[in-house]
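Let's start with one chain on its own, the form predicted on its own, as structure tokens.
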């Protein structure tokens, strides 16, 4: 039971990291649109976070598959497949010379990604609250240390 709580916290942390990374990218694109940031800085700041975000999304999807969280897995799969397609076609990085031409599409893509991550975040929070409530009603006080150290 404690392993399910630790797994839920792991899902929550990964989801928050993905949400923060995507939100940061949307902010950079908005700043670029308003001409607060030049295109070289914007492209380098966004490109710095793309590969770690792809890896985290893949890890989250793999963990959801392995642990049998099917609904959250089905929410996460389309985004992971899209990331794999972008990486294979080598279109995952933002090109400095074309950034103003594709800024609208990039912003829409990241806003849709924020929507999917928000839905996934709500599922993770709901699952976490259900686990904590069930654990508290069954065993009383939540003491992770004693159940982890118990052999």
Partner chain sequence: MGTENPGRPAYPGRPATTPFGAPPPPNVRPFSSTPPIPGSGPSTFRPTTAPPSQANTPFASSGPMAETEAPGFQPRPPSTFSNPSAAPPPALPSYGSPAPGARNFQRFSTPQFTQAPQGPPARPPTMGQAPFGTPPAALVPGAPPAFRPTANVPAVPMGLPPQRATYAPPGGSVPQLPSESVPSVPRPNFQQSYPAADPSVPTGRPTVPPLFPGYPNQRPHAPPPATLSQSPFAARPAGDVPAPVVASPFQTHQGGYVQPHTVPAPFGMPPRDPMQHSASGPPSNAMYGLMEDFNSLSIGSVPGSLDPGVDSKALPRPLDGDVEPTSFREMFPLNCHSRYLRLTTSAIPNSQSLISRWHLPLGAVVCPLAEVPEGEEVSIVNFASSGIIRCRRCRTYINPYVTFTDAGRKWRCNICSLLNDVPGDYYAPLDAMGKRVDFDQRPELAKGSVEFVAPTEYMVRPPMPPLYFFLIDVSVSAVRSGMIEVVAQTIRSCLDDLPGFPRTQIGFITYDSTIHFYNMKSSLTQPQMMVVSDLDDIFVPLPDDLLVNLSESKTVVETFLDSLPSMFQDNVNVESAFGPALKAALMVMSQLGGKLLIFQNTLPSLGVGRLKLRGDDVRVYGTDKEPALRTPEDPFYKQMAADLTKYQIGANVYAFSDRYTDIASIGTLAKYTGGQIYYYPAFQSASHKEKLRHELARDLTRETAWEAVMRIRCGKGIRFTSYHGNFMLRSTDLLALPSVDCDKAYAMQLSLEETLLTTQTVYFQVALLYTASCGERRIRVHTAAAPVVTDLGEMYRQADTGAVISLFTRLAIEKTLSHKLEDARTAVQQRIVKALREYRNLHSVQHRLGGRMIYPESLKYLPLYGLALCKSTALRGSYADASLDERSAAGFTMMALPVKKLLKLLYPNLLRIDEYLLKPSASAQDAESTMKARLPLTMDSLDSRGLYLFDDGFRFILWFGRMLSPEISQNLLGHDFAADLSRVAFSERDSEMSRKLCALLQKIRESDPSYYHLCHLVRQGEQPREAILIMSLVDDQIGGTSGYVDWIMQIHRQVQQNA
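Every value quoted in this text rests on a predicted model; they were computed, and no experiment measured them. Positions refer to the first chain, counted from 1.
Absent from the display: the form predicted together with its partner chain. The rest refers to it.
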Item checked: is_contact(residue 98, its partner chain) in the predicted complex, heavy atom dist at most 4.5 Å -> yes
Note to self: I'd like to know whether residue 40 contacts its partner chain in the predicted complex, with contact meaning heavy atoms within 4.5 angstroms.
What the structure shows: yes
Notebook entry, point to check: Counting only heavy atoms and a 4.5 Å cutoff, which of 89-97, 113-121, 48-56, 61-69 contacts its partner chain in the predicted complex?
Noted result: 89-97
